[in-house]
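Before any questions on binding or motion, here is one chain by itself as C-alpha cells, the form predicted on its own.
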C-alpha cells in the first residue's frame, strides 16, 4: 500500500518552500488560478468527527454538519496556518457561512467568495469568467504578484492532467484490485495535494493495482456530497459489493473536461460550466437521471446508494424524482442519511446490508 501524505504534512511542506495556503469550502473553484500565485488550495469538508458545539452559537442546528464542522474547525484555531479562506456560494448554507466570516467573525485571513452560475449558457460562461478574473485581481492585490497568461495556462494544463488521471481511475475502477476505503483515501488526496503530486500517486496506484479481470463483486453507484463516515466502504465490501460508479461531489461531479482558448479565465470558466450535472448547479432532474443511468450502464451497476448529509436541501430536492426514474429503468436505490460527525447508526448499517443483499 502506498504511503499517503496527510493534509497537515502537505501544508507545512508547501509553506516551508515559501508557498501560501487557502482553505477552501465545498466545492467548485478555479484551483489552477491559486496555484499560479503559489497558493495551495486545501479543501475543508468538515472535517468529520468534530465537536461542533461552538458553531451552534452562529448557525442554526438544522444546517448541515459540513457547514457546522467548517466553522467549528476555524473557531478551534485549526485554520491559523492558512493565509486565505475561500467560501464558494455552493448553497444557501455556505453563502450564510461566507457572510458570517465576512461580517461577524472577520478572521485575520483574507476571506474570498466565489459565485457559480446555475445554468450552462454562453452568458453563464461570461459571468463565471468575470468572477474568476475578479478573484485574480483580488489575489494580485493581496499578494503583490501578477502571474501572466502564460503562467495561468501552464497551471491549467497541469490541473487538467490531474483531472484526467482522476477520470482514468474512476472509469477503470472495476479493474483496480484495491478495496474501496483505500481507493477513496487515495482519490481524496486530490483535495489538498499539489496536482503534480496527485498525478504521480494516481499513476502509481494505477500501475500497482491494475488487473486484466474485473472485480468479482456486485457493482454499485454512490451519490452525494462526500462519503463520510467512510465506514460505508467497509460495509459495502464486506457484503460482496464495490463502488463501481461515482456521483460524489468530491470526485465524480468534479470530472472537469479540458478546455481551450487564449483567455485563461474563460478556459477555467468553461471547465467548471461543463462539469457533470449535479444539484448545486441547479441541473434538471432529467440531466441528473440520464447521467446516473449512463454510469449504471457503463459499470453494470444495479443499485444506487444516495449517501446524503442530513439537512442538505439541494440534494433532497432531487431524491424522490431520481429514485422513481431509476426504478422505472430497473435500478434499485436506497437513501442513507448521515451526519459527518457521528458514526453510522446500526439501523442505517442494517438497511444498507439488506439493500446490498437484494442486488446479488
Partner chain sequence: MNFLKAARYFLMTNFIGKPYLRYERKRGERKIAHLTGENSPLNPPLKITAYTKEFVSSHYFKGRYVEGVKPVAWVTSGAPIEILKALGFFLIYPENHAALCGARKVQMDLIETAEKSGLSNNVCSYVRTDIGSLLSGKTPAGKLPKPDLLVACSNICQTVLHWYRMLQKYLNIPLVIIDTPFVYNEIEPHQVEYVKKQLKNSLLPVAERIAGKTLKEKDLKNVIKLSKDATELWLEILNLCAERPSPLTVFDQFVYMAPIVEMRGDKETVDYYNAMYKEVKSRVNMGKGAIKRERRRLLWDNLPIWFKMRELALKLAERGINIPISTYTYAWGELAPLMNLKKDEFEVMAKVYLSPILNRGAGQKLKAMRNMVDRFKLDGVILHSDRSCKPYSMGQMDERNKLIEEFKIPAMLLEADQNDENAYSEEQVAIRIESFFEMLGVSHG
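Since we're looking at a predicted model, the values are computed, not measured. Residue numbers count along the first chain shown, from 1.
Quick note: we don't show the form predicted together with the partner chain, though the next part is all about it.
Within 4.5 Å of the partner chain in the predicted complex, do 96, 282 and 311 each have at least one heavy atom?
So, yes: the whole triplet contacts the partner chain.
Please check if residue 257 has a heavy atom lying within 4.5 Å of any heavy atom of the partner chain in the predicted complex.
It does not: once the partner chain is placed as it appears in the predicted complex, residue 257 has no heavy atom within 4.5 Å of it.
Is residue 121 close enough to the partner chain in the predicted complex to count, meaning some heavy atom within 4.5 Å?
Looking in the predicted complex, residue contacts with the partner chain include residue 121, since a heavy atom lies within 4.5 Å.
Taking the partner chain as it sits in the predicted complex, is residue 302 in contact with it (heavy atom to heavy atom, 4.5 Å or less)?
Looking in the predicted complex, residue contacts with the partner chain do not include residue 302, since no heavy atom lies within 4.5 Å.
Can any non-hydrogen atom of residue 160 be found within 4.5 angstroms of the partner chain in the predicted complex?
So residue 160 does not count as contacting the partner chain.
Quick check on this chain: which one of 141, 200, 92, 177 has a heavy atom within 4.5 Å of the partner chain in the predicted complex?
The residue in contact is 92.
Give me the residue from 277, 229, 117, 214 that has a heavy atom within 4.5 Å of the partner chain in the predicted complex.
Selected option: 117.
Can you tell me which of 221-229, 166-174, 283-291, 152-160 lies within 4.5 Å of the partner chain in the predicted complex, counting heavy atoms only?
Residues of 283-291 come within 4.5 Å of the partner.
For a quick check, can you give me the residues of 302-321 that have a heavy atom within 4.5 Å of the partner chain in the predicted complex?
Heavy-atom contacts within 4.5 Å come from 310, 311, 313, 314, 316, 317, 318, 320, 321.
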